[in-house]
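Let's start with one chain on its own, the form predicted on its own, as structure tokens.
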């Protein structure tokens, strides 16, 4: 009891009196407690409603009776002991019986509610899950190996889900309400979060989490996974080392950020890198990195700091390279200006379906600045500023692959000239539905090859002919 009293708030209420008619015993939840607590498969039964009600009542009691400010410095074992003591008292007062497994699960769930993100905690702890998608309080989906499935986790009601969303966004100094019904944020581990609420989310709050991978992917590991071949990876390493400007294109969930992180490992560790993101998630592997993050406007509609402002400021920070997590607006103009005025070796990502579409989207973003800027001048800036375009896709079998590596090599009239260096050729499907194909060199030696050699980066020409013996996937 001494340990429990340490966590009691100064104005803690006494335990509630048992009702005249004790409620029926509550069954234990379907999933058994485990240290890692992986999420059950899609076919698992949903958590019983009476279990959610019990957990909600106990959670409200804990919030009333525990000194939450002390939880930040308390040992995990001590906190578990305090929550267990409080749970025993209230189960006894309400004459509710639980088995050993059910009691342990209840205590773990309550700790998740108090110190973590409630029903999301077991999903965040599951290493096989890459995305968590919440569509209203009662529908939770997860992505495993590129494919979606239903998860058994649920929230008690919409208020419960809103409380979890508010906990996420408040940690990074952001807000979400009717005046600003959507927000980008991040979790402490770097996972990317997007939340949107009513009135924009008609069927209730929606939450999307792209999980952070603590296991950093390298180019060698991407080759091992079949996302790219050894010759193509060798070319990309040489291009990054030779300070080529790289644009990584792809759809949502195609692996753009993963590829950007992997490519960043090829940057000289003696160089100063400035990153610019809406919600910081890049995992650059160098020591000399300055991370900048945008800021939304406050409740009065003032104080916004956009990517474009951060790009302008980054140019005053003596960067060797500027890396933008995703270019999506007028900051594209300043990015191209930087690429064409000595800040080469930059990298960024963009949403597009093909390499040619990526160039067109970049062109449209520059035009968004609204200035009287001739289209021919915009295209000249792109042709001079961008060297390599990587196109990534998530295929129908859930796999993520590099579909093409293209070179931007000039301008003819008003047409930006591009040529494919490597392309993925589809060859059907196997019996399990997996997409078959090979990632092959086109036989074209890129014009930037001379620049790579001039930079002193060794790169054999046979990587472009497929004669190197280093494989096609």
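If you're wondering where the values come from, they're calculated on a predicted model, not measured in any experiment. Residue numbers count along the first chain shown, from 1.
Although it is not shown, the form predicted in complex with a small molecule is what the next lines describe.
By the criterion of a heavy atom within 4.5 Å, residue 195 is excluded from the residues contacting the small molecule in the model of the complex. Among heavy atoms of residue 341, none comes within 4.5 Å of the small molecule in the model of the complex. In the model of the complex, the small molecule sits within 4.5 Å of a heavy atom belonging to residue 254. In the model of the complex, at least one heavy atom of residue 225 sits within 4.5 Å of the small molecule. Looking at 303-311, 287-295, 105-113, 126-134, the stretch with residues near the small molecule in the model of the complex, meaning non-hydrogen atoms within 4.5 angstroms, turns out to be 126-134.
None of 400, 243, 174, 160 but one reaches within 4.5 angstroms of the small molecule in the model of the complex through a heavy atom, and that residue is 400.
Taking 328, 156, 237, 210 one by one, only a single residue has any non-hydrogen atom within 4.5 Å of the small molecule in the model of the complex, and it is 210.
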